[in-house]
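Take a look at this one chain, the form predicted on its own, written out in structure tokens.
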């Protein structure tokens, strides 16, 4: 049984296979996948709000011939003072063929997977967002014709998406990752690695707390500074004020650099409107690719 919990659980060849297959099926007019999941049911559980994850998994499962049940947390006996994750996992295993879980806690995700008899997909946790990172990879593959020698700059807090990008950097795909963040965020990243017993892997990339070291790049990625469902820390927001991706930064990165963001975005905070809505932005290709990579993830899990 294949769980899709983290890019740490995958290898170089499998990632390449995911991306190439997604690109091929995206551009194919074939209906070969139409009955792949015929008779199968995906349960999508949401502890956080969602647009792209909710829609892409629902549509992906339907396009594979299966069905999708969407469940918000308040509709389940799941959580504090309710039913245990263990019992929930065992119950879900009786009814559905696969589960996508968008969880507040990575620990809850891991626990659900450990007691489930059907595959579990990480639709987002507080630690990582592998589905988004895979869609990012597919977008880069399409826009840059591969990965070898591609320079990726991450700007801003080390979020769950950034952590999945750190996992990607260790797969030897040919991608060179540089993270530009502040000391607080780098320290928080190390703490989360300790909590979830994950190797930080900061040796395999460059991490800078000085924006003066920005240089040319093929891809620049950022993320919202305000995590969904979490209290906004105005001090943290203020400390990142110089990390807004703007036209001046894009000139440093170069005319061929593409801008990426997982969305939703706060225009004027982590990125200016001129950049995110400008000619170098590929955010809508990136959003569309959530659907195509989700299909490959479901197929692999089943």
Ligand code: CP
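Quick caveat, the model's predicted, so the values are computed rather than measured. Residue numbers count along the first chain shown, from 1.
One more form of this protein exists, namely the form predicted in complex with the ligand; it is left out here, but the text below deals with it.
Original post:
Three residues, 119, 295 and 299; all within 4.5 Å of the ligand in the predicted complex via heavy atoms?
Top reply: The answer is no; none of 119, 295 and 299 reaches the ligand.
**OP:** Could you confirm whether residue 263 comes within 4.5 Å of the ligand in the predicted complex, counting heavy atoms only?
**Re:** Residue 263: contacts the ligand in the predicted complex.
Original post:
Using heavy atoms and a 4.5 Å limit, would one call residue 44 a contact residue for the ligand in the predicted complex?
Top reply: It does not: once the ligand is placed as it appears in the predicted complex, residue 44 has no heavy atom within 4.5 Å of it.
**OP:** Indicate whether the ligand has at least one heavy atom within 4.5 Å of a heavy atom of residue 52 in the predicted complex.
**Re:** It does: once the ligand is placed as it appears in the predicted complex, residue 52 has a heavy atom within 4.5 Å of it.
Subject >> Close approach of residue 163 to the ligand in the predicted complex, 4.5 Å, heavy atom >> reply: Judged by the heavy-atom cut-off of 4.5 Å, residue 163 is well away from the ligand in the predicted complex.
Original post:
Of the options 181, 132, 153, 128, which one has a non-hydrogen atom that comes within 4.5 Å of the ligand in the predicted complex?
Top reply: Partner contact (heavy atom, 4.5 Å) among the options: 132.
Subject >> Which of 62 to 70, 35 to 43, 255 to 263, 235 to 243 sits within 4.5 Å of the ligand in the predicted complex, heavy atom basis >> reply: After filtering at 4.5 Å, what remains is 255 to 263.
Subject >> in the predicted complex, residues of 57 to 78 near the ligand [heavy atom within 4.5 Å] >> reply: Sequence-ordered list is empty.
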